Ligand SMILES: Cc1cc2nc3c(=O)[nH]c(=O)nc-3n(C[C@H](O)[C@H](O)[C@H](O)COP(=O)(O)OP(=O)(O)OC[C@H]3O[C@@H](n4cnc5c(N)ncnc54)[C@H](O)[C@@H]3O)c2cc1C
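First, one chain by itself: the form predicted on its own, in structure tokens.
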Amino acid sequence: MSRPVLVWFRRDLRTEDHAALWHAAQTQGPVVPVFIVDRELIAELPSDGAIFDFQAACLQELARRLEALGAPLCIRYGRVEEVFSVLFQELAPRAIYYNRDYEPYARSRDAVVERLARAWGIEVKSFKDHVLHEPWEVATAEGKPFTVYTPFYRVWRALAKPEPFGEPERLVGVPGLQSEDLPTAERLSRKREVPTWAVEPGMEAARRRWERFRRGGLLHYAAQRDFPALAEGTSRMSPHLRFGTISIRRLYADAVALLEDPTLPAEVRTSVEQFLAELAWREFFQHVLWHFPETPQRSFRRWMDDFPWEGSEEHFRAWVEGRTGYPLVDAAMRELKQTGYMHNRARMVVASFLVKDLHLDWRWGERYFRSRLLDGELAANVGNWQWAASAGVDARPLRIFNPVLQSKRFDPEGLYIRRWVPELAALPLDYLHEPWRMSPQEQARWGLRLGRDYPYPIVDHAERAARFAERFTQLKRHTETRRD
């Protein structure tokens, strides 16, 4: 048997439209699919056990599919370079194929593996797969990285997009390879606190969910995407994109195919374009992280690292546990704690509340989100948190969300609040968004005692928002004066 190609699976747990696997199959030689449980990376991740269980379920389905195609998945544990050293001795492969990753740790890890492979005389090929356009493919007229989304989107949208690959018809495997157990939370000694998943794991589940959304919610996306109570208002494909159980090429191609219909109603065309713009936001944050790899630790607007954050552990715990006294904030935080997911509109509201109302460092929220979110990719999570904190790449940085106005506008019937904050479920709409307005008599009438059954607001939004704006403006002015 000829020397095999190792296909290194990472955040791309699928067999259909997988660039590295497809190209390996075209060699017509033996293929060894490999997944390495990187203990060094795991030690750094704040992830809840539920996220590891979700990944393990995706891996289990991937292993079944690869077995059916003829090449069993080989799972190994350890430091990546040490695992590859063992595999090189066992298999004497002629090449490693993998799909590129743009996070700082991944870039460093992949460089180490590439040097090791070349020292063994092994060819290394990497492929574009996680994005439609890589960070160096989208640039300003001067060849510089974009730091504002809108001009980035105009260039990104105009570029020709890669077509999806198919699934290999068959693979030639290598029999008899030792493979270890799935990396479940229990196997990794990670505590699981998130009890349920908001989405079903795996390739088949991703495809079913996408097909349902493509035929339904996508057609009304522009009008419905901001309402967290609508189950079909958003695609919920973000966890699948994070773990690669569906490809970004497939989502883009299927969505753009709708635009080719000349009879498509204008409102549907607007919805599809809005969805494509959201895909571009994901790539914009990959672009920012690649060009500014220090942003997970430092604000893009460096002077915001001098903001006088207050650091109240009590306020942070109230926010985490969904007991701030602001119903929309509490509903969103409880949804996250129960399911590992939160609606995008709700994310903006709770992030603004943590930073602009509680005056807590955005890094606290970013790390907590990443510990719970099934779709907690570093680039998008850091980018969105810095955006919400007025610390990132935003042309209009001083945005402050009013949690009451947001609640009334985007949960007008209170369906989202009633679901996730059941102690408020019986309240009429007059009080649901602002329960603190009830008199003692009205509390008795509706069976809710504020301060006992549900908290009073832990801060006054108007006062805290004004104080944040004042501090932000003063710091910005001081920085500009010092620079001049």
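All residue numbers are counted from 1 along the displayed sequence. Only a predicted model underlies this, so the values are computations on that prediction, with no experimental measurement involved.
The next section is about a form of this same protein that is not shown, the form predicted in complex with the named molecule.
With the named molecule left out of view, choose which of Ser235, Thr295, Asn99, Thr324 has a non-hydrogen atom within 4.5 angstroms of it in the model of the complex.
Looking at the other structure, the residue within range turns out to be Ser235.
Out of Glu103, Asp375, Asp361, Glu335, which one falls within 4.5 Å of the named molecule in the model of the complex, going by heavy atoms?
Looking at Glu103, Asp375, Asp361, Glu335 one by one, just Asp375 meets the 4.5 Å heavy-atom criterion.
Exercise for the section: Look up in the model of the complex whether Met342 has a non-hydrogen atom within 4.5 angstroms of the named molecule, and give yes or no. Expected result: Yes, Met342 sits close enough to the named molecule in the model of the complex that at least one of its heavy atoms falls within 4.5 Å.
Discussion item. Is it the case that Phe300, even though its partner is missing from this view, gets within 4.5 Å of the named molecule in the model of the complex, heavy atoms only?
Written reply: Residue-level check for Phe300: no, no contact with the named molecule.
Distance check, Leu241 to the named molecule in the model of the complex, heavy atom within 4.5 Å:
The answer is yes: Leu241 has a heavy atom within 4.5 Å of the named molecule.
If you check in the model of the complex, is Gln406 within 4.5 Å of the named molecule, heavy atoms only?
Although the named molecule is absent here, Gln406 would stay clear of it in the model of the complex, with no heavy atoms inside 4.5 Å.
So if I measure heavy atom distances to the named molecule in the model of the complex, which of the stretches 343-351, 262-270, 133-141, 112-120 falls within 4.5 Å?
In the other structure, the partner sits against 343-351.
* To do: Using the arrangement in the model of the complex, list in sequence order the residues of 369-386 with any heavy atom within 4.5 angstroms of the named molecule.
  => The stretch touches the partner through Phe369, Leu373, Asp375, Gly376, Glu377, Ala380, Asn381, Asn384, Trp385.
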